[in-house]
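Here's a solo chain for you in structure tokens, the form predicted alone.
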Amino acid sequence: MTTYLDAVTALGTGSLHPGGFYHTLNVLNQVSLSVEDIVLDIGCGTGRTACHIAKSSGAYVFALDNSKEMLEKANYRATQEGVQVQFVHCDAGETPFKSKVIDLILIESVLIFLPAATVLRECNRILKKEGILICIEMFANKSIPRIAREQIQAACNLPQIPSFEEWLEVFHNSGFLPVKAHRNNFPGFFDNIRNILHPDPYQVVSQGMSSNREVSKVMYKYMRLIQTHKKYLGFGTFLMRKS
């Protein structure tokens, strides 16, 4: 049976998170990176953001994911773009990094699939003093009907869909203080148009992992649920500092 994450892996999309690559670029414009900085992209997928950071800032970039297939696609992208990114195959809650070595950690729509508190404690451990954590994560309004929440969780195999306030509490309990925390409406028509202006030339669609029909069915179910319950959903942009 093809799961949502299986479908995402098969499609090889570089920026499927809410807001897409357009939003990623806007967020990265809010931080200043140099060749002296060490950056970690957690749940890097096909490496689009990691490669962009390496190319645009010259920072030393690590990018980790627990999917070997995703990392193969990410390595292909880095080769095509001619950038140096160190890709790491591991779980986000138990990384191989020493304590207090990373300047900035970026997580795009990954925490919601994981035991968030465990991953954030690991982020706190490996970040330097007053290091920066950037997260882009979906949230659900507290008014969301129970059946809607259950349907979305089941479709994507999500352990939780926190509210915006609950996300802030998780960050706080994990040792982070907000620099900026912004609510965003779930992307609409014009947001999608803006992302069309940033096509992904290095998307690699898997062959043989599952039928196109299965992948399309899973993604259609996800998109239909999001559109149906869109008024109850949003995504947060969390720029946090290690306290």
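Please read these numbers as outputs of a predicted model, since none were measured by experiment. Numbers for residues come from their place in the sequence shown, where the first is 1.
One more form of this protein, predicted in complex with a small molecule, exists but is not displayed; see below.
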Do all of 64, 108 and 114 end up near the small molecule in the model of the complex, with near meaning a heavy atom within 4.5 Å?
yes
Contact residue in the model of the complex, chosen from 226, 16, 11, 219 - any heavy atom within 4.5 Å of the small molecule
16
By the heavy atom within 4.5 Å rule, which residue out of 70, 51, 39, 27 makes contact with the small molecule in the model of the complex?
70
Although the small molecule is absent from this view, report whether residue 91 comes within 4.5 Å of it in the model of the complex, heavy atoms only.
yes
Assert contact_stretch over 42-50, 176-184, 27-35, 55-63 against the small molecule in the model of the complex, heavy atom within 4.5 Å, equals 42-50
